[in-house]
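Shown next as structure tokens: one chain only, the form predicted on its own.
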Amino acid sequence: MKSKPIPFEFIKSLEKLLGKDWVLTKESDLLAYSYDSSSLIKIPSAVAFPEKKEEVIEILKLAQKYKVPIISRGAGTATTGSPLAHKGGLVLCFSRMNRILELNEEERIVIVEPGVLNGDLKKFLKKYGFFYPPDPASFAYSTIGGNVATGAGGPKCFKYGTTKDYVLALEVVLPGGKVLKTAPYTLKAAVFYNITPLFVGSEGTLGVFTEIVLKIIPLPEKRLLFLSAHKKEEKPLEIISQLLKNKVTPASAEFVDKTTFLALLNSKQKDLLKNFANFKALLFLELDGEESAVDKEKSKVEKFYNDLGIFYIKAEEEEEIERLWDIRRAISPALKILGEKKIADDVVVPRRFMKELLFRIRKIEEETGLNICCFGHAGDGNFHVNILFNPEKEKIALKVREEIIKEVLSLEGTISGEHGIGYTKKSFVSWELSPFQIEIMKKLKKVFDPDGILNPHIKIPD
């Protein structure tokens, strides 16, 4: 479906500002910016590629003048349709604003532009002995701007926290070109309202990031990884609870359920799993920190596993650790064997209810005959629920999704932990939030975006 046209004068002004090479209007060029990692395709009216914040300011002035919707886009790895122009508009792509502006080792902060890749930042910091923990599965090719916009998480967020815990301050451009610094670049601040967290997870609906100030920490002295296999699918979830009670705090605790495990056994990683074929579930448990502390926790985990007769392998060298993590990273492509189409959600429940949610999902799977994968961040209650199906079963799959969301909410959970709402989950927001909460969201958006031109068709229910 073609997008709505935007004023000719607006396009001409953009071309004058950026140069014709950095403004796309031909449909054949726009197609590359019409999709993300959801199944949606929405062709924008135009795409612009600013290189510096002064250009972003001018674009936001023009957008307000001509009332053109602005959709911020990083690498397009979102799973919810949040970087797409759902009813036309200008996609603002930040691939050219990809500079690391400053590293301050004394203050332990790094300042970056929104187009910096998470993986590139990690490599840069490692050279100086520092570490930025949030590590979404797409970290190698997702941008920091996109991570901040969705409130991204990842396996290491169990111990270290999610993106929101590392954003110290933001420089944000609002419609009309107004520039807002959400906080000073200091570790403490109590003058302005604490609005920085408001922008984390806002999915481009409140402002456009031009600078992002992140807290960083020293690299852990040592890492090691346990990969254990279990004959009862729910066992890894029980183990996490028991280890936490024993004062073990893993850096990562990743659960692989039986349906996902079956897909992995038929994937490119099957050789690494040849000793695990008779099991039903996996648990990745990574420890890190100072060597003495890691050794102490390692002894606890080994004793715990050995006492219970749990089958596991252990990796202590960097290359071996990453080789085992490749199994976890292979999940998404491996799932294609279970169905041509996929509906993916990232629901969260309190840890104490994870096992109950798994049981309820298995019951739904048995009743419908659809493949439902339920893997992910066992440490913080965050399941990635993927419903796999062939096209003729789409209506059933959509109904199954609704059933699962209702189960999540009945267990005091939330419909998104780290991927955001975007377009694909917008209709479920009113299931979780009260009318009063939604009213507050709408009023907050109006404060920052009075004309409603910033990513207008996502996150907030109509």
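The first residue of the shown sequence is 1; numbering continues from there. Bear in mind that the values here come from a model prediction, so they are computed numbers and not experimental data.
Quick note: we don't show the form predicted together with a small molecule, though the next part is all about it.
Peer 1: Just to be sure I understand the contacts: of G89, P236, P250, P114, which is the one whose heavy atoms reach within 4.5 angstroms of the small molecule in the model of the complex?
Peer 2: The residue from G89, P236, P250, P114 that makes the contact is P114.
Peer 1: Can you work out which of V200, L358, A75, V349 has a heavy atom no more than 4.5 Å from the small molecule in the model of the complex?
Peer 2: If I apply the 4.5 Å criterion carefully, the residue I get is A75.
Peer 1: Which among 417-425, 430-438, 25-33, 397-405 is in contact with the small molecule in the model of the complex, heavy atoms within 4.5 angstroms?
Peer 2: Result for this chain: 417-425.
Peer 1: Quick check on T79: any heavy atom within 4.5 Å of the small molecule in the model of the complex?
Peer 2: Looking in the model of the complex, residue contacts with the small molecule include T79, since a heavy atom lies within 4.5 Å.
Peer 1: F383 near the small molecule in the model of the complex, any heavy atom under 4.5 Å?
Peer 2: Judged by the heavy-atom cut-off of 4.5 Å, F383 is well away from the small molecule in the model of the complex.
Peer 1: Do S410 and the small molecule share at least one heavy atom pair within 4.5 Å in the model of the complex?
Peer 2: So S410 does not count as contacting the small molecule.
Peer 1: In the model of the complex, is there a heavy atom of the small molecule that lies within 4.5 Å of any heavy atom of Y312, even though the partner is absent here?
Peer 2: Y312 lies outside the contact set for the small molecule.
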